[in-house]
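Below, in structure tokens: the form predicted on its own, a single chain.
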């Protein structure tokens, strides 16, 4: 018998993994700040706004709840989420179509575990979709998108990808408003993508976690055009500012009820059920009220103004950046810094560029390579939420949200944009 010479032995899937890029940049930024550096945290995408007061109050009132809840979720919450889907999409959603989990991230992982398929990912896409697939030894096929199309998946590209896997089940994850680009999909493009999906019997996971953060409140789900094959994913982390509460929710079309049941079985053997007090509070959030609508309206105004300000600054400095439409991200391309035959070492790829920018300016960005873009492409994700959201939200209730507002209530956003522009002009 061959002797065991190593104490630790890990599966091949785990050995390939790296720490989550978004969490890593947050920890790195924090460490630099602890050293006394001025750091502009444009790397970590966390809502700056407080949880709405009515939702916090609901959590306080149910803090005593300690019993395990049903695996699929608190019935009141599932009903509230069904009505939320009805309001947002017009679909005939029922309580039985809903599944609650400890964050949409966990539910997405369980979906990939349960559904045997090749994963189709538009590039760029959120950092965790592909690593989750790798953990499950699931094949991943990246579909390229282009800046001239605002990083939106095109129907022709989707059909080409489907033709490469004619005899295989396919799962497309479509995230919009998009992380990392901040762009979204117009109705005519959603309809065209739906036609391709129907033709090839795709399962679509519409990751609409930023849906309520559409800057004009005009988000539309692809489920409107492809209701029979679209699962909708959302949660409390973005529009409700409750990322650390860890609550996600899936809506399934009725024909996919068996998949919901399988995922519930997986849940029963993994997380059992989501925290009871959090579920009661989430019911209040999804039920909605006038205060929450005012909260969303003010949040959108602030984010839209900040996004347009930074995008304008970058574009004027010669850094192409798609016009923002939702969420709190921009995806600038710094390739124009490459001039002449000999390039400095920090321009060799997006990771080296972001490291150098952080060291020289204190501005933290995430490299485009973390989101599935080619390493040599100098794209980066910029998250313009380094400000006191509670203070800004209160001020937005009685002040016009304009550039003067940003200078006073979002000074680091303005400062970060200026530092990037100064760096670009000096490069």
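What you are looking at is a predicted structure, and each value in this text was computed from that prediction instead of being measured. Positions refer to the first chain, counted from 1.
Note that the form predicted together with a small molecule isn't included here; everything after this is about it.
Quiz item: How about residue 313: is it within 4.5 Å of the small molecule in the model of the complex, going by heavy atoms?
Solution: Close contact is absent here: in the model of the complex, residue 313 is far from the small molecule, nothing within 4.5 Å, heavy atoms only.
Quiz prompt | 4.5 angstroms heavy atom contact with the small molecule in the model of the complex for residue 304 | solution = No - in the model of the complex, heavy atoms of residue 304 and the small molecule never come within 4.5 Å of each other.
Practice problem: Answer with yes or no whether residue 129 is in contact with the small molecule in the model of the complex, where contact means some heavy atom within 4.5 Å. | Solution: Contact check for residue 129: yes, within 4.5 Å of the small molecule in the model of the complex.
Quiz item: Do residue 185 and the small molecule share at least one heavy atom pair within 4.5 Å in the model of the complex?
Solution: Residue 185: no, not in contact with the small molecule in the model of the complex.
Quiz item: When you measure heavy atoms, are 124, 150 and 333 every one within 4.5 angstroms of the small molecule in the model of the complex?
Solution: No, none of 124, 150 and 333 comes within 4.5 Å of the small molecule in the model of the complex.
Practice problem: Would you mind picking out the stretch of 346-354, 208-216, 89-97, 142-150 that comes within 4.5 angstroms of the small molecule in the model of the complex, counting non-hydrogen atoms? | Solution: Residues of 208-216 come within 4.5 Å of the partner.
Quiz item: Among the candidate residues 295, 239, 329, 286, which is the single one with a non-hydrogen atom no more than 4.5 Å from the small molecule in the model of the complex?
Solution: It is 329.
Quiz item: Which one of 299, 230, 321, 104 is close to the small molecule in the model of the complex, taking close to mean a heavy atom within 4.5 Å?
Solution: Checking each option against the small molecule in the model of the complex, the one that comes within 4.5 Å is 104.
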